[in-house]
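Listed next as structure tokens is one chain, alone, in the form predicted alone.
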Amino acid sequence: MDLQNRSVVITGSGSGIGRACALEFAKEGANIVIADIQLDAAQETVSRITAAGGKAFACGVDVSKPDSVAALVSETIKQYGKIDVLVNNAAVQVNKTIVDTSFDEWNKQMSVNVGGVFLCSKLFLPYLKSTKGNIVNMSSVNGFFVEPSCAGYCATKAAITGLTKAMAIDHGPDGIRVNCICPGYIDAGLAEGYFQSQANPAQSRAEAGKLHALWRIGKPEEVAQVAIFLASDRASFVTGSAYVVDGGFGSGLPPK
């Protein structure tokens, strides 16, 4: 996929979809920056990559804090000398209605989910311009197919899709491509946290699978493969796009 020796920064890659992306990008020969607010989790991802012969380093970062993101940029350039791909994946989710959501919960979702995309993109863009690199943002089908008690999260994911298109238009003349992925339920990360919060996690997971045309929830590696495509030269004429990776979410029917 033409990613050999490319420098790839992936936020929220200490677990879930972010970790899967890191592992899959490393298999393609990319040099990875594992950026996560949980440094121990980031280091675990690094260990998995290096054990398989890949190259990566961990960096603790709070994507909602300008100084923290600036430190991530500095360390990336120090270690690899460049950046070719930025994957904005870090996110938090609060499963509540607007009435039940506190001001702090609302602000945290906005500052991490949307603010993180803004800050990381803003500070990495000058370096992406020099490599004619690209950005892959992690949105969600919840940006346009909303569910109950998920108001703030849905709002942030809709914002990410719009921001993706705006950045693609603004920075296309610099040779920078910007796309986003909109996963359905994935068996990792935030979805797993949701399942575990339910009275019967196994039943909740099974019911979620029935919401998809493929009658199952997705695997994080299936999202990662789309991220690899979008980051590669094979997607050289793809920008401003929202790639839906949801197994037909919202159209699930009983199997025949």
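Start at 1 with the first residue shown and count on from there. Because the structure is a prediction, the values reported are computed rather than measured.
The form predicted together with a small molecule exists for this protein as well; it is not shown, and the discussion that follows is about that form.
Though the partner is left out of this view, A155 does not reach within 4.5 Å of the small molecule in the model of the complex, counting heavy atoms only.
Mapping the unseen interface onto this chain, Q38 counts among the residues with a heavy atom inside 4.5 Å of the small molecule in the model of the complex.
At the 4.5 Å threshold, heavy atoms of L119 stay clear of the small molecule in the model of the complex, well away from it. Heavy atoms of I17 reach within 4.5 Å of the small molecule in the model of the complex, making it an interface residue. Taken together, the three residues V63, N89 and M138 all lie with some non-hydrogen atom within 4.5 angstroms of the small molecule in the model of the complex.
Annotated contact segment (heavy atom within 4.5 Å of the small molecule in the model of the complex): 176-184, selected among 127-135, 76-84, 95-103, 176-184. This chain lacks the partner; the member of V226, V46, A208, A191 within 4.5 angstroms of the small molecule in the model of the complex by a non-hydrogen atom is A191.
Listed residues A151, A168, A159, V112 were compared with the small molecule in the model of the complex; V112 is the one with a heavy atom within 4.5 Å.
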